[in-house]
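We begin with a single chain expressed as structure tokens, specifically the form predicted on its own.
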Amino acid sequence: MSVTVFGSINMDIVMRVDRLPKAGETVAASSLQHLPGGKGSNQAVASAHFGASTRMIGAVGSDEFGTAMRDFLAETGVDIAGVDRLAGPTGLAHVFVSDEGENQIVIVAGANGDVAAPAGWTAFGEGRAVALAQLEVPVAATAAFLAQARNGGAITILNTAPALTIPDAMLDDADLLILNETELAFFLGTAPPEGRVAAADAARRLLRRTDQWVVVTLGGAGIVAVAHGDEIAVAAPRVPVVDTTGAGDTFCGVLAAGLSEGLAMAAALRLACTAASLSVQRVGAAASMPVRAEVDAAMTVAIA
């Protein structure tokens, strides 16, 4: 099983606050940490932790954060041959996390703004190949990556975060679209759907092909996934929430890894939801992501 992730690599500057600030308000932080982040990097770590052979394609800067991020990804087991070192700063994310576990994030692109698509798709590892991308690097480069991967026979996944205007071809080239309720509303030009049934109905409007899936993450309510003539709903396990940062990335990375292993969609979705529920019980993004043994153990407890 192999997963190739194309996307952003950031250093997260994480500050804990009693509550998230309102517009124009200043609040005091109780702590500050530098933690590995970036949606692309996070999803690659989640995939590697789950056990998939994982390759990262992206860029870091020439600063100390770039060195730290390359070292971190390599130590996690991610192949970093496709991570370029560019002149200038590494991407940064300023993350505020409240005592309730909710967050606000502001991103500085840095090297992520200059990421280019690889020259062409090449197979990586053995077995089923999965290509996973997000929208924190240039849209044109992401579109080229997805097109190359699909033409090369990979299962293609697009996590449409952050929500941006993108070419229709990108939606066509994704075998799976993963988005939350706010992102779903952005692409449909509607108010966010309320509840699983409304989310499923709205998601069907994004289906472009008969063999495509649209997966909507619903936070504490779990997920709903739709295809032509099919629907899967998975409830989120009830757990104490410490920090939601990186939960969506954990879901995406583990889903990609599960599909690369050959799991059916329903089984892969259940594993991904379980992994995300484990991540919210810890602080940080990549630092909170569970390993395969933890996910399997949690699944066993849930079944029991």
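Not measured: the values here are computed from a predicted model. Don't overthink the numbering: it's just position in the shown sequence, from 1.
The following text describes the form predicted in complex with ligand RIB, which does not appear among the structures shown.
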Legend entry - Interface segment, criterion being heavy atoms within 4.5 Å of ligand RIB in the model of the complex, picked from 255-263, 22-30, 238-246, 45-53: 238-246
Legend entry - 4.5 angstroms heavy atom contact with ligand RIB in the model of the complex for A109: no
Inset, instruction - With heavy atoms only and a cut-off of 4.5 Å, decide whether D173 touches ligand RIB in the model of the complex. - result: no
Legend entry - 4.5 angstroms heavy atom contact with ligand RIB in the model of the complex for A143: no
Inset, instruction - Answer with yes or no whether I105 is in contact with ligand RIB in the model of the complex, where contact means some heavy atom within 4.5 Å. - result: yes
Legend entry - Residues in 33-50 with any heavy atom within 4.5 Å of ligand RIB in the model of the complex: G37, G38, K39, N42
